[in-house]
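In the form predicted on its own, a lone chain appears below as structure tokens.
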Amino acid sequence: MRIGVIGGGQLGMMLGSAAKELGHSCVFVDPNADCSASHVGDVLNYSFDDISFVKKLASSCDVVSYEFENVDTAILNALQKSVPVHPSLSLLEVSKDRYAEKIMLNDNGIETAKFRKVESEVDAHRAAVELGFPFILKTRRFGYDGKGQYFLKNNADLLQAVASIETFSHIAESLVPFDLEVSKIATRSAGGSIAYYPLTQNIHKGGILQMSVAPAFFSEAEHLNFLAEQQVEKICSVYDYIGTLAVEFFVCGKKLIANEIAPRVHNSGHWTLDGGSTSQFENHIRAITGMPLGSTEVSKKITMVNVIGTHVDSQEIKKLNGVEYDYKKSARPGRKLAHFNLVDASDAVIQQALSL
């Protein structure tokens, strides 16, 4: 099959590689003709909000997917009139808005941090009273990797934040005193079967994912893995989801607090490329093309390390027996340039990897 993918970043590149392995091909839409995915497929060089690419893309592929949340829904709806689009546009629309996402999760019995809608300076001060300090003020849309977020410890922080905001469309969230952060990645087929990956343990630095380890190894991991599967199944069923998704959680003792949903393949699932079974990228392609889902069974510990901001010498990664995935990007502060996976690595090797 010919697969259209909106977005040509590293996620698109890895989807394209998986598609090739399965005998499919991809065409990507991206404003950068030399994007990461250009190394694995054709690129239609358009801005993401340019609806004029719809006819060309629809006529050149059998199914359309996307690699990031902030896709113009009007464009996807236009595409859907001519070609199937997966995953669920209804869940995509909800996940693009942090406030709507929290409402949806609570409506489905999934616990989140306490939150308030903030549409004015008055709302921001009211949220401070109702939630108490410290709390986090976030844009409802478009924020990622810590962007568009204010961590407010006191009234002085609040005054500084509101003074810097031109237009309010925010959500205030209470600070969750969590033990650690995890994600649950799963792929659902058109027939409703779900392939679950083991719970993944994540470490962030400066709001950006630095490292993921799977299977998660903390004391409550088995119990919370089962709970996460139940919650993911509920979300997938409500939205008749097809494809791979990730749900990020805070672990608080013996319970999970849902943080965010990513209706796509996810950075914390990059370890699946060397997990000894079917990667999240391959299963996404399998799901959207109607192929049977592959096994997600994992028998070894896999550690994924992101390369952020500056490139790391490939030889240094090889010395650690790491498997490198280069995104073919130029260096820039805060930018994800590559990642590498370590299989059954010792704590000492992992610490070396983090210091590269």
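The first residue of the shown sequence is 1; numbering continues from there. Because the structure is predicted, anything quoted here is derived from the model rather than measured.
Form predicted together with adenosine monophosphate: not shown, discussed below.
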Partner-contacting position among 267, 278, 259, 88 - heavy atom within 4.5 Å of adenosine monophosphate in the model of the complex: 259
Partner-contacting position among 207, 132, 253, 192 - heavy atom within 4.5 Å of adenosine monophosphate in the model of the complex: 207
4.5 angstroms heavy atom contact with adenosine monophosphate in the model of the complex for residue 282: no
Adenosine monophosphate contact in the model of the complex: residue 113, any heavy atom under 4.5 Å: yes
Contact flag, residue 181 vs adenosine monophosphate in the model of the complex, heavy atom cut 4.5 Å: yes
Residue 141: touches adenosine monophosphate in the model of the complex, heavy atom cutoff 4.5 angstroms: no
Per-stretch contact check against adenosine monophosphate in the model of the complex, the hit in 153 to 161, 282 to 290, 167 to 175, 193 to 201 (non-hydrogen atom, 4.5 angstroms): 167 to 175
All of 98, 136 and 149 with a heavy atom within 4.5 Å of adenosine monophosphate in the model of the complex: yes
